[in-house]
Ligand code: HEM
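There is one chain below, alone, in structure tokens, taken in the form predicted on its own.
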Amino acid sequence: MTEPVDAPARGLLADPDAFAHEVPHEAIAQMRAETPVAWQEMTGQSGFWAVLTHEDVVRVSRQPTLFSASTGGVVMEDLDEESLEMMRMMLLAMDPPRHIEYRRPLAEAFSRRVMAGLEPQIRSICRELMSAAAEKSSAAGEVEFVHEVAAGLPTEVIGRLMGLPEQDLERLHLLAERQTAGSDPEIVGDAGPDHSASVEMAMYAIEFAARRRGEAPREDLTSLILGSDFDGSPMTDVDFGSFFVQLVTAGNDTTRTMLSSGLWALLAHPEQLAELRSDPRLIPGAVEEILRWANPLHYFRRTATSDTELGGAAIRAGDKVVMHYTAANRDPATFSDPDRFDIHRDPNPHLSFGIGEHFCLGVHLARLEGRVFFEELLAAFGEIQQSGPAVRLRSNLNNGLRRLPVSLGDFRPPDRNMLNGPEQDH
């Protein structure tokens, strides 16, 4: 067994405290250079192999049978059987061929063509968010950008896609946050990961599915899912509950993180922020660099199904194998000057959407939301300043902020006749 020489580093990636104030990029870089597939110990359960190079993360991603998402789930902690079974009904934790059978009916609904048709709605939501943020900033002198601005977009978008009642969106947003911030006592207290939030959201979805089955079909994702066959049979209401948890939670958390971490990155690089203001056509490239440099998720786990070798490490059947995107996205073998934030980076083969079998189903939606949000934000406010310290989530899974206070300059209302925004090469 190949292990890091530095004993303290053997548990670095398993420790949420190591990520509480900043991402330990320097330590990760040293680990990647010395031991590209590094053994990490965990307290109270078996450790895992951390896959740290871009090449090896791609290799694991492209072998979903050898490296299973379903066997042990996609988080490094060992789950109880009930939680694991619930996770296995989520696309991100399905193995082939089941994953393909469940993904296929949804593929067209998330295609680039269909997502492009949502741009006017997304732009309208963004403009409402900017107007509300301007009022808050004017009254209080600042806004808390993570929750008062960035969180509003994915919550509204996933609500419209799923046909959810407007009055339920805030509740679902809070449940999603309790799930994804399970290591942060400021959000869930001292009890640790809040698995009850997943159960509560699933129960909501089961009741929602039963109610919708008694109504006429609509043109939304809920009717599509309830009316489709998955692996030869319709999805049950219970299965819909687990499926719903992934769609709503992922749709909320990762997009909110991309938008808030993106602004934080741009505020730290004012010369590049100025470039985006002067040429909005650079925004799509900036979104890709935000995704690379501040990837919303640090990792996903797999479990080896057979003995194999990876990066010089002898992997045994049953071993946990963790694909660490934070390390892969800054691998100097793939990215020149990888620690530099550069909105002009091209090519930019980051792995924040995954690759292979589990490439993110919502990739086109996420890119659209990112582009339109920053177009509208920069058009609405000629000046944005950080007005207090940013506070990170205490999490070694979610690479996000809990708080980002900003003050906003004078609000510039948009031309309501221009719902397509700046002219772009889409």
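Given the structure is predicted, the values throughout are model-derived calculations rather than measurements. Note that residue numbering follows the sequence shown and begins at 1.
Omitted from view is the form predicted together with the ligand, to which the following refers.
In short, of 98-106, 262-270, 229-237, 339-347 it is 98-106 that has heavy atoms within 4.5 Å of the ligand in the predicted bound form.
The single contact residue among M89, L247, I125, L164, judged by any heavy atom lying within 4.5 Å of the ligand in the predicted bound form, is L247. Interface residue among L397, L66, L361, V58 relative to the ligand in the predicted bound form, by the heavy atom within 4.5 Å criterion: L361. Candidate site formed by L13, V23 and T326: none of these residues places a non-hydrogen atom within 4.5 angstroms of the ligand in the predicted bound form.
Although the partner is absent from this view, T255 contacts the ligand in the predicted bound form, with a non-hydrogen atom inside 4.5 angstroms. The ligand is not drawn, but in the predicted bound form it has no heavy atom within 4.5 Å of F208. With a 4.5 Å cutoff on heavy atoms, G73 does not count as touching the ligand in the predicted bound form; it lies far away. When contacts are judged by a 4.5 Å heavy atom cut-off, F335 does not count as touching the ligand in the predicted bound form. Applying a 4.5 Å heavy atom cutoff to the ligand in the predicted bound form picks out L291, P296, L297, F300, R302 from 282-310, in order along the sequence.
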